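Below sits a lone chain in structure tokens, taken as the form predicted alone.
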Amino acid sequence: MSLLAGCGGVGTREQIIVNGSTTILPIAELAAKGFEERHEGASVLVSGMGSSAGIEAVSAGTAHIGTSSRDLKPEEESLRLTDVPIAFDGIAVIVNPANPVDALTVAQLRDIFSGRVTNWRELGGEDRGIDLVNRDEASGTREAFKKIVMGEEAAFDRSAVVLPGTGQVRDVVSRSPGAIGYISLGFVPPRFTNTTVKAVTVDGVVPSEESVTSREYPIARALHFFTNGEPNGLTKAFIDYVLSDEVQQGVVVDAGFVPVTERGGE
């Protein structure tokens, strides 16, 4: 049964289901709380199952909004989803703070994550093996990293540790001297934990909100809300709220992302 038919109903508690990217989860959760406070009787259920799961859910009618930290794949273009960019994000490459290496290039990252380079000594670091930490195939962050860094030239090393969420990647890298992974820029600071990781420069550019806004940082992507057809009713009201200055300059900035208006909606 499609849930979309219930959106915008009258006389009952109205509910929106938002499912998808774990990267977008902090924005969606905080925006949902603010929206519910302003819309008596409205309920926004938010979950993070990964970008692919969100796109699948909204196309199947089991969610009103599918959130994604990657663009649609070619095979998903036929789903005729409506794309609403809601923020921009940099993908930070993180290593353990004890690792003396603090600068890498996109070409070096391609060699590292494809398994061509396996020791930090080859990158100016210590004689220590590189422990790859990757995301699972449902991750939008993995898809964006693959598209920007790996391209058509290289495949991910299959020996890498594969983890389901941003928090797990961050935790493993913070505890493993030889580890390297990649996470959303907004998750680099220790917001909800006392562990630390170090974000390296990429092609000489520090990953930051400023370098993402100026388009200097090479590993950046849009964050999306997808709806099945044009949004209406309560779904549209929620999207409009997320795009409002209140959320863009508040929740989006506080979470470490770049407001969609600051890059002209791209």
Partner chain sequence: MNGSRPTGVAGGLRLVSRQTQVKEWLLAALFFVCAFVAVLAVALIFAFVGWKALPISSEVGLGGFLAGTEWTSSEGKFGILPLIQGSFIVTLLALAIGTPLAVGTAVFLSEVSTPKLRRIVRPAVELLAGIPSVVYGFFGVVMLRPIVGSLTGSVGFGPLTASVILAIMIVPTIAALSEDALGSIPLGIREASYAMGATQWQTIYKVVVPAAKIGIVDATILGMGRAVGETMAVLMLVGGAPQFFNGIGEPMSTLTAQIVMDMSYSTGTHRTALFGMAAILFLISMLLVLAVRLLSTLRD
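Positions refer to the first chain, counted from 1. Just so we're clear, the structure is a prediction, and the values are computed from it rather than from any experiment.
Here the subject shifts to the form predicted together with its partner chain, a form of this protein not shown in this document.
Contact annotation: its partner chain lies within 4.5 Å of heavy atoms from the stretch 168-176 in the predicted complex, the single such stretch among 83-91, 97-105, 115-123, 168-176.
When contacts are defined as a non-hydrogen atom within 4.5 Å, none of I183, V247 and V251 contacts its partner chain in the predicted complex.
This chain is displayed alone, yet in the predicted complex one of A42, A237, M49, L30 has a heavy atom within 4.5 Å of its partner chain; that residue is M49.
This chain is drawn without its partner chain; in the predicted complex, the residue among L163, M150, L72, V188 with a heavy atom within 4.5 Å of it is L163. Although the partner is absent here, D111 sits far enough away that none of its heavy atoms falls within 4.5 Å of its partner chain in the predicted complex. Of the heavy atoms in A53, some are within 4.5 Å of its partner chain in the predicted complex.
Its partner chain in the predicted complex comes within 4.5 Å of no heavy atom belonging to D127.
Mapping the unseen interface onto this chain, E137 counts among the residues with a heavy atom inside 4.5 Å of its partner chain in the predicted complex.
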